[in-house]
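Only one chain is given next, in structure tokens, and it is the form predicted on its own.
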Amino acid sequence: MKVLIVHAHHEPNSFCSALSQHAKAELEKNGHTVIFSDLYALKFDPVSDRRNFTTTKDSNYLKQQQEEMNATANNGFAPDLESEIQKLEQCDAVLFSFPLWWFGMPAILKGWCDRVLAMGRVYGGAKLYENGIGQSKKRAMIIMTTGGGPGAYDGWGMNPAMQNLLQPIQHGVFWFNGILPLEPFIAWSPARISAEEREQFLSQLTVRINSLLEEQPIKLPPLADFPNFGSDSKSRYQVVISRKSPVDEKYKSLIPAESQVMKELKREGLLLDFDMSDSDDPEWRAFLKMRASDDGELKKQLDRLPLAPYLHFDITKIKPVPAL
């Protein structure tokens, strides 16, 4: 397997850089070929303008997509850009390694995306989503460090939920181009933890790297589910769950398996959102937002829950509403 690591941290001695080098070493130890694009070491220019091209379609008005398509047709990408595009084309997997800055990628990595993901050459026309350059075969993983801890990004903290922050990459960069996103690897707040805890992150990364080919990717909806880029052809449902009977020991023993199935439903793109009241609340409720073709498919997915015999499902089909 050929793996492209796109690394974006200016300090070689940072923990973020240590993670990327650790991933490289593990991949090579397992017999994989690693292409390492250290963007700062390459002095990669993130500014997208006419420097992207050695050809010109319209010298009076710079329309980037038009110039990208012209460069695709006429072998007209600048050498530094052509090199990175070829790396992406040739790899089987891509890893983005970066620190979270201002709730997103560092500018140099965003600039890499702006310049390398060129219309015509990388995407465009029929080359989108499942039909994109990845062809639903290439896979991708984020390796990221943060300043704050997980509690700041769990959806209850002051910061936006990490899942929302990473959507522009997971969905907008990876899956938009047909590259299957894996769960991100996040080293939380490495500057504020002990050396032993940093070693634990390196050990955890070893496990993820060793399972890079076997890990089940996050399943995002295919373009085929959205005719003419319109609304989802599948339905959305709000499911309110209550208990049929009090909690007993059998119920408690099934909770770990229940949590695992919920994670699978989320990874498969069937469970879109989940909340619940305190487990000891006598009026306990759980609230699921789910995606399914019809009522029958939805009920089939709910029956996968180990606790289903203990639960009552109140199902409401919902529809899109105008943005507020």
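Heads up: residue numbers just count along the shown sequence, starting at 1. Only a predicted model underlies this, so the values are computations on that prediction, with no experimental measurement involved.
Not pictured, yet referred to below: the form predicted together with flavin-adenine dinucleotide (FAD).
J.: I need to confirm a contact call. Of 127, 219, 198, 208, which residue comes within 4.5 Å of flavin-adenine dinucleotide (FAD) in the predicted bound form, counting heavy atoms only?
T.: Contact residue from the list: 198.
J.: Going by heavy atom distances of 4.5 angstroms or less, which of 72, 177, 145, 170 would be at the interface with flavin-adenine dinucleotide (FAD) in the predicted bound form?
T.: In short, 145.
J.: Using heavy atoms and a 4.5 Å limit, would one call residue 316 a contact residue for flavin-adenine dinucleotide (FAD) in the predicted bound form?
T.: Outside the cut-off, so no.
J.: Does residue 18 reach flavin-adenine dinucleotide (FAD) in the predicted bound form, with heavy atoms at most 4.5 Å apart?
T.: Result yes; residue 18 sits at the interface with flavin-adenine dinucleotide (FAD) in the predicted bound form.
J.: Quick one: does residue 213 come within 4.5 Å of flavin-adenine dinucleotide (FAD) in the predicted bound form, counting heavy atoms only?
T.: Residue 213: no, not in contact with flavin-adenine dinucleotide (FAD) in the predicted bound form.
J.: Even though flavin-adenine dinucleotide (FAD) is not shown here, does residue 254 get within 4.5 Å of it in the predicted bound form, heavy atoms only?
T.: So residue 254 does not count as contacting flavin-adenine dinucleotide (FAD).
J.: Contact check in the predicted bound form: 66, 115 and 120 versus flavin-adenine dinucleotide (FAD), with a cutoff of 4.5 Å between any heavy atoms. Do all three pass?
T.: Not a single residue of the candidate spot has a heavy atom within 4.5 Å of flavin-adenine dinucleotide (FAD) in the predicted bound form.
J.: In the predicted bound form, which of the stretches 177-185, 98-106, 75-83, 135-143 has residues with heavy atoms within 4.5 Å of flavin-adenine dinucleotide (FAD)?
T.: Within 4.5 Å of the partner lies stretch 98-106.
J.: So which residues in 173-209, when you check flavin-adenine dinucleotide (FAD) in the predicted bound form, have a heavy atom no farther than 4.5 Å from it?
T.: Counting only heavy atoms within 4.5 Å of flavin-adenine dinucleotide (FAD) in the predicted bound form, the contacting residues of 173-209 are 190, 191, 198, 199, 202.
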